[in-house]
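Before any questions on how it binds or moves, here is one chain, the form predicted on its own, in structure tokens.
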């Protein structure tokens, strides 16, 4: 098993097909409205008129596939009043359903919206990095399903050594808040964290 599991996203390779989302929903048999992995469509830009009457545009768009980042300093764990939300010996942030009372404090605290409330169970649920698959030596369902291999996983240090440690792009929050185990190779159009030059185009999905 991994000690510091991390996801890597190559935003240039991601086409926004959302196969990772579908694979996650299928593997975890998630009900409507519960998404452990989401693909954000972020876009912006405008047209401007030149003095000679011609027009130019600076329109941009890109995709960002995000699930729980099993952070080094997870707010969801700190927010949980019953200790149901915890980080295990393999670095995976997990919910103990015997302790969870469904108060949703973890959901409100997480800047990545990783904890999800399952109304049918009255409990919080979230990505567990497909722990059962990892124990069998298999990749997480979302990684295995990605048709462009934009999504990868592994030990954080190994991924950082190979791809760098960047994870600062809009619309992600400031990584200093939780220390996400997430590495991103930015899209050529990616805006910096905190940028207001674009907006999420599919808020109903994320």
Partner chain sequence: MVFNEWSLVLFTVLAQTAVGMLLVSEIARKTASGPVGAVLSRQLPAVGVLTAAALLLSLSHLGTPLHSVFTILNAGSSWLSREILAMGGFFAAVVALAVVRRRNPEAEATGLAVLTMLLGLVAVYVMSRVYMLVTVPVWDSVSTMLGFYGTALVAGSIAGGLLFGIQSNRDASLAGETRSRIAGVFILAALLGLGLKFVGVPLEMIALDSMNGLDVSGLAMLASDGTVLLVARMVLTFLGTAVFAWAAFRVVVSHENGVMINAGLCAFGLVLAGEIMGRLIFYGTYLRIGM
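Positions refer to the first chain, counted from 1. The structure presented is a predicted model; accordingly, all values stated were derived computationally and were not measured.
Keep in mind that the form predicted in complex with the partner chain is not shown, yet the notes after this line are about it.
Using a 4.5 angstroms limit between non-hydrogen atoms, residue 89 is distant from the partner chain in the model of the complex. Interface membership of residue 107, defined by any non-hydrogen atom within 4.5 Å of the partner chain in the model of the complex, is confirmed. Contact annotation: residue 80 falls within 4.5 Å of the partner chain in the model of the complex, judged by heavy atom distances.
When contacts are judged by a 4.5 Å heavy atom cut-off, residue 100 counts as touching the partner chain in the model of the complex.
Looking at the partner chain in the model of the complex, residues 139, 141 and 165 place no heavy atom within 4.5 Å of it. Note on the interface: of 63-71, 142-150, 155-163, 45-53, the segment with non-hydrogen atoms within 4.5 angstroms of the partner chain in the model of the complex is 63-71.
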